[in-house]
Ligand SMILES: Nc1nc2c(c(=O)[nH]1)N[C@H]1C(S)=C(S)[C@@H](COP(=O)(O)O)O[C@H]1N2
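What follows is one chain in structure tokens, specifically the form predicted alone.
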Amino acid sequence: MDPNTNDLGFPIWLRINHFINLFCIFFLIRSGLQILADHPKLYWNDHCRPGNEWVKFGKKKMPTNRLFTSLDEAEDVSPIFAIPGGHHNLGAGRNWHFLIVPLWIVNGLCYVGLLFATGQWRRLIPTSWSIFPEAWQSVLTFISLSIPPESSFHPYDPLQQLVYAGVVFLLGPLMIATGLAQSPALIARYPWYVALFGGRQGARSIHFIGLMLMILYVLTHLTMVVLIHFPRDVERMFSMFGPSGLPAMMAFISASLALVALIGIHIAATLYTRRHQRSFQEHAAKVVEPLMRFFFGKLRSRQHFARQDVTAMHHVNGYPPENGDYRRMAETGFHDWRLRIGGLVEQPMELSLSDLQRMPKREQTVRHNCIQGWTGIATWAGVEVREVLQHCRPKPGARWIVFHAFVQEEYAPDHYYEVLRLDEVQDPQTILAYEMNGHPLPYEHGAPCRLRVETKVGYKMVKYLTHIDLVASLDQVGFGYGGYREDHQFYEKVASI
């Protein structure tokens, strides 16, 4: 290619890449809105105190005279805007997000690589400082409701070139970086990384602002395609397998059909997901879960917050049990409570609260990361799970460890349970906690004992523990998908982001 030519054209790889990017962006926006709806509040610090959000969506007001949980704060979202839409379809929304993100990143890397390999980088990267005053002149031209002359577009005018370069080389990487900061496993292992954004909530807020900028960019881009040199640009984009020369009407029809096809794909994906959530969960898991384990599965928590970092009003998820056995034990300080450990173990055990307190105690000040998006920092104390396993000695066939809770009204007649692989509980910061912030575990946070596993999102950390089983297969637990949320709300079982 002649480096001096002004007309860089639209090579076929760029056109294909462009359509893949458009496909991905719409899915990421819609699934992102579904995720946001489960905790439609944004903060600039990790304490997430009620009323401390800088923006909120929805009309819900939480009560001030009784306990409420973060699930009560979730909002409905229309399937027109979100996928799959509805109330608390977080599992499906996350699966769509994590299915599309790898495709979007690979497509972006291919685009950037081919830009530099083919000399097309000049379509985005300025080669002269004069582009800035020229871009300002373009701004003034657009403000006056005029269109720059066609000679300004080679292939983009200066303003377009700066905006597109900003989206490709700044906004895109920023979205990836702040998205990674939502991974409990990554930020537990590398606390410095999330500190770059002011904490997980800072990263979440920046990610949302990036989402709004991406929506603005897409809408502006589509508007400019329609209003500025529409026949020429669409003709060149859709003359994919031959020389240019499509008539203006054919270009319009081609663009319209492509847009209709994209809308049709989204309608079909939304209907399929809403009507066949189990099938979608199973298919998504084949891609999402191996990727999560590959990138985050080996990470171990290294968190050490200071005591002064503790959140004063820590969010709650899940109501305390109201059944007779739990209330009776609570009234006596849980003296009669026993944690049973069985299944594939050489030495079944029953441990009282006193038995746990006599074991080596571990204390850690760490960040709780709820799957809905909120965070909180607390000091937890208890016994390392690996210490307990050393006493009960798992049998060779044991692969999974199952944590069971007292029956809670919101899950009745079933009870809450979650499953982890045995290697996932070897982290020293994975503990059976019986204290929070120097006091016995409060009722709303899981008294008398709860699981803490700092490389996972919160739904894996079972509260109100009654017994622990070691099993050989997930088929022995619930519906076989890895826990209560996975069985009933179609979550994925790795839960590292």
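This structure is a prediction, so every number in the text was calculated from the model and none was measured. Numbering starts at 1 and follows the sequence shown.
Beyond what is shown, the protein has a form predicted together with the named molecule; the following relates to that form.
**Student:** Using a 4.5 angstroms cut-off on non-hydrogen atoms, would residue 408 count as touching the named molecule in the predicted bound form?
**Tutor:** Yes, contact at 4.5 Å.
**Student:** Does residue 434 reach the named molecule in the predicted bound form, with heavy atoms at most 4.5 Å apart?
**Tutor:** Residue 434: no contact with the named molecule in the predicted bound form.
**Student:** Look up in the predicted bound form whether residue 41 has a non-hydrogen atom within 4.5 angstroms of the named molecule, and give yes or no.
**Tutor:** Flag for residue 41 set to no.
**Student:** Do residue 462 and the named molecule come within 4.5 Å of each other in the predicted bound form, heavy atoms counted?
**Tutor:** Yes, residue 462 lies within 4.5 Å of the named molecule in the predicted bound form.
**Student:** 94, 315, 367, 204: which sits within 4.5 Å of the named molecule in the predicted bound form by any heavy atom?
**Tutor:** It is 315 that has a heavy atom within 4.5 Å of the partner.
**Student:** Give a yes or no on whether each residue among 305, 362 and 456 has a heavy atom within 4.5 Å of the named molecule in the predicted bound form.
**Tutor:** Looking in the predicted bound form, the three residues 305, 362 and 456 all stay beyond 4.5 Å of the named molecule (heavy atoms).
**Student:** Sort through 438 to 446, 31 to 39, 467 to 475, 52 to 60 and report the only stretch with a non-hydrogen atom within 4.5 Å of the named molecule in the predicted bound form.
**Tutor:** Contact-bearing stretch, as computed: 438 to 446.
**Student:** Can you name the residues of 110 to 140 that have a heavy atom within 4.5 Å of the named molecule in the predicted bound form?
**Tutor:** Stretch hits: zero.
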